[in-house]
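We begin with a single chain expressed as structure tokens, specifically the form predicted alone.
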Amino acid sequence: MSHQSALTIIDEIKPDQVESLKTALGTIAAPGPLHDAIAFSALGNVHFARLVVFDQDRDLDGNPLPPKLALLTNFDGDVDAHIGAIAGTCGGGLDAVFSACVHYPEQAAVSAARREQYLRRHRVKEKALYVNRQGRTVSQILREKQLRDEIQRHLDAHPIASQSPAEVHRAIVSFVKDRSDLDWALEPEVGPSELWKRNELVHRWAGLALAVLLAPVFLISLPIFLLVLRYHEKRDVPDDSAASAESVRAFRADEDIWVHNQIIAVGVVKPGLFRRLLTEGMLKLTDYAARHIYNRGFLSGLNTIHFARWVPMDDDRRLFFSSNYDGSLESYMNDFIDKAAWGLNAIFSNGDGFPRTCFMFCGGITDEKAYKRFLPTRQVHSRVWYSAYPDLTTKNIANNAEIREGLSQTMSEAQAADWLLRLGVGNRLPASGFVARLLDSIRWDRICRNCS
């Protein structure tokens, strides 16, 4: 098994190629001739991928921001190997799509080595990355889906009403053992490499040590920080405009094609050193929390997100957020409002036009109407969107992993009965960690009640 990573490639589009590239790529609902040019499925280890066109814009000082093309992938393994695989396996598709970009090699000079060099040069490192559960590869997810389907077919063909739960469990284990294409499931999945685990452990403890060292400075400077924060918040000007009905309809047309959906939103970071530093600090905290606190299938109470990332653009003047999640956009927004408003406010309140916050965590998206009006004004089309398992939710994936794990265990009647529920209506995620539960238990509604 391997860990999961992300790759973001961004380059400027030639001005005269923007509209033709959009037409060639099409949309998720209405693919164009180049929609499937990059064969993500051929790589074998890509969970999600997308191509995004960012239109020309202006920053808050009126300076032009050129149109950009972005390639985003979530995959198993290391970035270096992934870049090499894209440059080789997907070279023709990469040429067809990225030839519209300013810095892509000329056709006469293109080669796997030049493509790889180009990808490395135009890679933009995400500021924060969320992975629903590290260690679950594309191969594991697909094989465990097949395992569940085969077990279900076996049970449908063999009546079990007269057997006890433990007897049914033993019968299923025997069935799997007798199938040469399924007997791999009787062995536990191997976790990420020891080197990766050590690196994560070092990162975790280094972060804690740094927090302890900086705690006295933070406490001493907290009153000044809060005063400066409120000074900026009171001068924020929320964007009360609304996206056109045509634009909203176009976004909705790309939704609910699979059991999960995608969103990408981009915003200009508010001017000034204070907002830049605050954005950087909150994103570092977000990345740390995603790696070491919210790393068991939940992100601040939300259990529907497969992958998410926060990526800077245009010399940190803009920031975009990309997410792959289960369910509808409406339920996604409601989940953030109800369960994670404080976290979303802390990051996105540094973006221009965001609903006004109070002491960073309060207000903001708790104004439901303002938030739902604001989001479409910052939303961007994913022209191409790929999923390796379009019919699986985060709960399905976790459930299938638990079914597989249960095959290698000796169970009591009660344990077997509980395990068998996973083959019926028992889809559920494991509990989040203690610190995550503690943070999620904070009653921000009470804390923020008198904030103004």
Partner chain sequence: MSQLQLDDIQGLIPHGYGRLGFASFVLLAVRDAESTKSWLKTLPIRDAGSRPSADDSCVNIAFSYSGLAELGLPESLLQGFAGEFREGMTGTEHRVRILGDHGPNAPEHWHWGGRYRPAVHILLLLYAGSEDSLARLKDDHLADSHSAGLEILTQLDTNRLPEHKEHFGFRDGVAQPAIAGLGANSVDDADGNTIAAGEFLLGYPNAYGQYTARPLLADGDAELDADNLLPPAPDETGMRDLGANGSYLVFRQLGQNVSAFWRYIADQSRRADGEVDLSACTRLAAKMVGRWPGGAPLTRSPDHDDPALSSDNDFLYHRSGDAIGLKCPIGAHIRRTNPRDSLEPQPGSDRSIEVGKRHRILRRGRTYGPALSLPLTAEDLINAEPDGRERGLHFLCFNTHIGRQFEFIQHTWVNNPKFDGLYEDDDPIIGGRGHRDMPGGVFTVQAEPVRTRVTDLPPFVEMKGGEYFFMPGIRAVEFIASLT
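Residue numbers count along the first chain shown, from 1. Quick caveat: nothing in here was measured; it's all calculated off a predicted structure.
Just so it is clear, the following notes concern the form predicted together with its partner chain, a form of the same protein that is not shown.
With its partner chain left out of view, the stretch that reaches within 4.5 Å of it through heavy atoms in the model of the complex is, among 174 to 182, 247 to 255, 345 to 353, 262 to 270, 247 to 255.
A residue is said to contact a partner when one of its heavy atoms sits within 4.5 Å of a partner heavy atom; residue 140 fails this definition for its partner chain in the model of the complex, lying far away. Contact annotation for residue 303: at least one heavy atom lies within 4.5 Å of its partner chain in the model of the complex. Contact annotation: residue 440 falls within 4.5 Å of its partner chain in the model of the complex, judged by heavy atom distances. Taking non-hydrogen atoms only, residue 204 never approaches its partner chain to within 4.5 angstroms in the model of the complex. For the residues 106, 80, 316, 330, the 4.5 Å heavy atom test against its partner chain in the model of the complex is passed only by 330. In summary, among the residues 165, 376, 88, 135, the only one with a non-hydrogen atom within 4.5 Å of its partner chain in the model of the complex is 165. Shown without its partner, the chain has 369, 372, 391, 392 in segment 369 to 392 as residues with a non-hydrogen atom within 4.5 angstroms of its partner chain in the model of the complex.
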